[in-house]
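Here you get one chain, nothing else, as structure tokens; it is the form predicted alone.
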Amino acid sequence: MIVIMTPGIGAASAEVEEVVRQAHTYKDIRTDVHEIVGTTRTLTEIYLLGPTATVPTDGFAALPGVERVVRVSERYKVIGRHRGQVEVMGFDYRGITFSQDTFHVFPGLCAVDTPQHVDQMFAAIAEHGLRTSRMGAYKPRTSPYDFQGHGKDCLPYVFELAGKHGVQVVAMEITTARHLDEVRSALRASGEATGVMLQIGTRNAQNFELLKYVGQQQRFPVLFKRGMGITLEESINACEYIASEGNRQIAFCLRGVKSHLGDPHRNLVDFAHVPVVKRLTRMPVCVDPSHSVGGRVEASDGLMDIFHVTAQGIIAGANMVLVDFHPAPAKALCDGPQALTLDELHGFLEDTAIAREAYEKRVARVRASAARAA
């Protein structure tokens, strides 16, 4: 059960204290208070945990300062929408809004290799008016002999160059708590030149201690990639680990799942789940076409599969696109065969704009139809 307070009532208020007191009068009920900072308002929510099936809602609904009481319908209490009873708040980070209504493209290097390539990538992004990118400093790989990333050694020039070109958010995977400390230190040394969206990669989708650790800090938002070999439900519950520790700034990324049915693509593309995740949760949804397709294959119509798959995700309502680019893919130290070139960035962004416009027209049509029927 969730008790949602009216806007303006903080977590330390007398009204919240009374809700908590009332909740504790019921046997074995625990409470968890969260203050949610959204894009337009801040809400305090109190979660009643335990055997709540027999706890009546009327008594809480009548308390001062309570906006409404919601019966939880999913196991993921904090990030769930609970059949539309809980609003989607979104979040702001470094002047950029992330929600289920916004749209951003994160082009960049799957793995940082040289300062020159990072500089070229950020310059191209800035030239096209973007403020978001991806840069892989830490790269968990299938083989221990593959390139594992430059780690903390590349962070100083990545952050400095991001600041130089006005890139505000860099999506960057971490695999241990130590990596987060290294990111913090390098950002501080750069004078906070940019911001970082911590990426939880598919291999760490059920690393619960790491999930709890990134959830306990609220400075950086988190981009969670669906586990390649687990169900959608399991992946969403993994995000609940982050949110339950206090960090609600989470974006959910679909990146394809392991299946031989996905051939000839690298993974079976799961972008039809974009509206599913948006319906079930409060999280904005990202798609990663590069790791889904895994190559620069061109269809008979002249468009690469990466373009087609990206459009599928966007036209289904994706809010973010995480995509591999590289100034010289043949020289890339990781996933070069799937990287697009800087010359292809303009066309890729034009294509995403066409798909996004189509999605917005689809939404406008159904809303107008609903308004006429009302």
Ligand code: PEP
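Only a predicted model underlies this, so the values are computations on that prediction, with no experimental measurement involved. The first residue of the sequence shown is number 1, and the count goes up from there.
One more form of this protein should be noted, the form predicted in complex with the ligand, which is absent from this view; the next part is about it.
**Student:** Using heavy atoms and a 4.5 Å limit, would one call residue 133 a contact residue for the ligand in the predicted complex?
**Tutor:** Although the ligand is absent here, residue 133 would stay clear of it in the predicted complex, with no heavy atoms inside 4.5 Å.
**Student:** Is there a non-hydrogen atom of residue 202 within 4.5 angstroms of a non-hydrogen atom of the ligand in the predicted complex?
**Tutor:** Yes - in the predicted complex, heavy atoms of residue 202 and the ligand come within 4.5 Å of each other.
**Student:** Given that the partner is absent here, does residue 255 sit within 4.5 Å of the ligand in the predicted complex, heavy atoms only?
**Tutor:** Result yes; residue 255 sits at the interface with the ligand in the predicted complex.
**Student:** Spell out, yes or no, whether the shortest heavy atom distance between residue 173 and the ligand in the predicted complex is within 4.5 Å.
**Tutor:** Looking in the predicted complex, residue contacts with the ligand include residue 173, since a heavy atom lies within 4.5 Å.
**Student:** In the predicted complex, which of 134-142, 294-302, 239-247, 273-281 comes within 4.5 Å of the ligand (heavy atoms)?
**Tutor:** Heavy-atom contact with the partner occurs in 134-142.
**Student:** Can you work out which of 197, 287, 162, 110 has a heavy atom no more than 4.5 Å from the ligand in the predicted complex?
**Tutor:** Looking at the other structure, the residue within range turns out to be 110.
**Student:** Looking at 225, 179, 81, 265, which is the one with a non-hydrogen atom within 4.5 Å of the ligand in the predicted complex?
**Tutor:** The residue from 225, 179, 81, 265 that makes the contact is 225.
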